[in-house]
Each structure stands twice: as structure tokens, then as C-alpha cells.
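Heads up, the chain below is alone and in the form predicted on its own; it's given as C-alpha cells.
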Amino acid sequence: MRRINLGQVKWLTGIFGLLYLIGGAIEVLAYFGKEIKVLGVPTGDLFAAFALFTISAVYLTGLKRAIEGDLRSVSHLYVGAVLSIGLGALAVLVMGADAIEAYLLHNEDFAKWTPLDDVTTYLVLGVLSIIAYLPVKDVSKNPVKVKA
């Protein structure tokens, strides 16, 4: 049986909730023409902003529950981390598709493309979310004892 510290859940949900909230705000600003490069290149995609805000809501709901001492906050951390890693994996697939366009198909639109061109906010946050995933990775398999 794995033990999870509720204090650790508070910190992780709080930090990642705020990071995803900031990432979503950057994507919205990029959509309206502002260029802010903090955690990668913003795509200016409102769908990406919506996805980042949704993940932020999952994390921040977990933070609220962790502050209340509710053990279900662990589930919010787990779901937020899985969604984050999934969105990061999507960014890796986009990068792979662009690499195929650039190096295999020699598409003129991707003539000067480099992998750094596709380092997006949600790719960086997806990679960072592995930190949030590691403490709760066994939640769905084994019973977890939460320490307050």
C-alpha cells in the first residue's frame, strides 16, 4: 500500500493549477495578437486555451478539496496529471507530423522547420506534469493510504 501525503497533493495541485491557468491565459492573449513566450511558443489556439483552462480547473478543484482535507483530492491530482500528459503527448504527435512534412516529404511550408518551432505551452506543461503524476501513479491499481 502506497502512502500519499495530503500536503504534497496541496502543493502539486496548486502549482500545476496555476501553471495551467497562466498557460491558458497566454494562449488567449496570443489569439488576440499579444506575444508572450514564457513556457514555449503559444499557438494562439482557443481550443488549446480551453483545454488548458479545463486542466487547471481539475487541478484547482483538487487544491480546494485538499485544503478541506478531502481525500478525493488525490483523484483530482491523478486526473489532472493524466489529462496533462495526454495533451503533451498530442503536442509530441504534432511535432512528429511536422517532422515528417519537413524531412520526409520536403514540404515547402516546412523548409526551415526545426523541432524547437513546435515547443508549445502544453508540451512543456505536459512534460512537467510527470512530476505530478509520479506520486499518484498507482492510485487506479492499488489502494492508497492518504496521510493528512
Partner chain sequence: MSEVVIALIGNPNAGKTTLFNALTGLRQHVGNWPGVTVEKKEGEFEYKGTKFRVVDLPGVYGLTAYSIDEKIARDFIVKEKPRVVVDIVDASNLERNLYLTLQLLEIGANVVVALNKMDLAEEKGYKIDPKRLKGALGVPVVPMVASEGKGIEELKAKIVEALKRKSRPVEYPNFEAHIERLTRVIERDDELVRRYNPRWLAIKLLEGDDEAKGIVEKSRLRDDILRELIEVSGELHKKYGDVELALADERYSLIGGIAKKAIVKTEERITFSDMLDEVFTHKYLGIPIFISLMWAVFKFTFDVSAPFSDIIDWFFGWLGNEVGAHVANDALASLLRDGIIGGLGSVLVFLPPIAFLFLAFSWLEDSGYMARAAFVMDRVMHHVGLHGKSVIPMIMGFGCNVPAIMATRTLEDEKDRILTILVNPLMSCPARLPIYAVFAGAFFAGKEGAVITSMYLLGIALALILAWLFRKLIFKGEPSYFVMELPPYNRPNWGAILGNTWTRTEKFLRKAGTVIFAGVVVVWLLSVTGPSGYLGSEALENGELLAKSWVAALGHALQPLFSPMGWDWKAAVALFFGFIAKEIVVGTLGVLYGVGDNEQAVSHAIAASGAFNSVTAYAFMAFSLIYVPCLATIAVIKQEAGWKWALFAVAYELALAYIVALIIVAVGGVL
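Numbering follows the first chain given and starts at 1. All of these numbers come straight from a predicted model, not from anything done at the bench.
Another form, the form predicted in complex with its partner chain, is not on view; read the next lines as being about it.
**Asked** Would its partner chain be touched by all three of F16, L63 and A132 in the model of the complex, meaning a heavy atom each within 4.5 Å?
**Response** Negative, none of the three is within 4.5 Å.
**Request:** Would you please decide whether L105 lies within 4.5 angstroms of its partner chain in the model of the complex, comparing each non-hydrogen atom pair?
**Result:** Residue-level check for L105: yes, a contact with its partner chain.
**Prompt:** With the cut-off set at 4.5 Å between non-hydrogen atoms, does D109 touch its partner chain in the model of the complex?
**Reply:** Result yes; D109 sits at the interface with its partner chain in the model of the complex.
**Request:** Find out whether any non-hydrogen atom of V124 is located within 4.5 angstroms of its partner chain in the model of the complex, and reply yes or no.
**Result:** Because no heavy atom of V124 falls inside 4.5 Å of its partner chain in the model of the complex, the answer is no.
**Request:** Spell out, yes or no, whether the shortest heavy atom distance between G44 and its partner chain in the model of the complex is within 4.5 Å.
**Result:** G44: yes, in contact with its partner chain in the model of the complex.
**Asked** Of 82-117, which residues get within 4.5 Å of its partner chain in the model of the complex if you count heavy atoms?
**Response** Read in sequence order, the residues that approach its partner chain (within 4.5 Å, in the model of the complex) are L83, L87, L90, L93, V94, A97, I100, E101, L105, N107, D109.
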